[in-house]
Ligand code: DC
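Below sits a lone chain in structure tokens, taken as the form predicted alone.
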């Protein structure tokens, strides 16, 4: 039986960093599903096309896929780790449009499911992991925070000034992204009915990790 812990939530809710920390604490493998969407987005930008067949064919030609780096499962593109080319502002601006394309979501989901194994626990973060990709996950967590709290963290992560104007702009961007992700026809962002809601607006990082680690250990016991 594949043992998957699904951590979903909106943009900048800290899903990936939290999921990675949880995986380390319980000795699990970690996979950020958004990395594959970013990889497809990089391919789409290089092609200057949103045609799903063309993107999938080019992704295959460039060998976009997942491989292990220790307990992290990470994307590779052109035979190399892809992190440096998928974490750019250009990719960030375009990834929502690519992630809304049904055939490309199917392409990603097939690879996410293939990454799970009976041999290890997989902590997987995204936006529809518990609702679509692994509805049978042993634990589902919905990680969230207010748009302003997420905006403040995103600015700090980028090393940018969180003055009133910048905070307002980033909050507006994240609220727009939330609306886009929640309103799309294909796999909209939503909390699974059985998911545990963890609101991190007033939680420190170690506190939110500890809370989910406790839930994970209970679910896996």
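These numbers were taken from a predicted model, which means no experiment stands behind them. Positions refer to the first chain, counted from 1.
Keep in mind that the form predicted in complex with the ligand is missing from the display, and what follows is about it.
- Taking 62, 184, 190, 153 one by one, only a single residue has any non-hydrogen atom within 4.5 Å of the ligand in the predicted complex, and it is 184.
- With a 4.5 Å cutoff on heavy atoms, residue 113 does not count as touching the ligand in the predicted complex; it lies far away.
- Taking non-hydrogen atoms only, residue 38 approaches the ligand to within 4.5 angstroms in the predicted complex.
- By the criterion of a heavy atom within 4.5 Å, residue 127 is counted among the residues contacting the ligand in the predicted complex.
- The ligand in the predicted complex comes within 4.5 Å of no heavy atom belonging to residue 80.
- Considering the ligand in the predicted complex, the lone stretch of 145-153, 113-121, 89-97, 68-76 in range is 89-97 [heavy atom distance within 4.5 Å].
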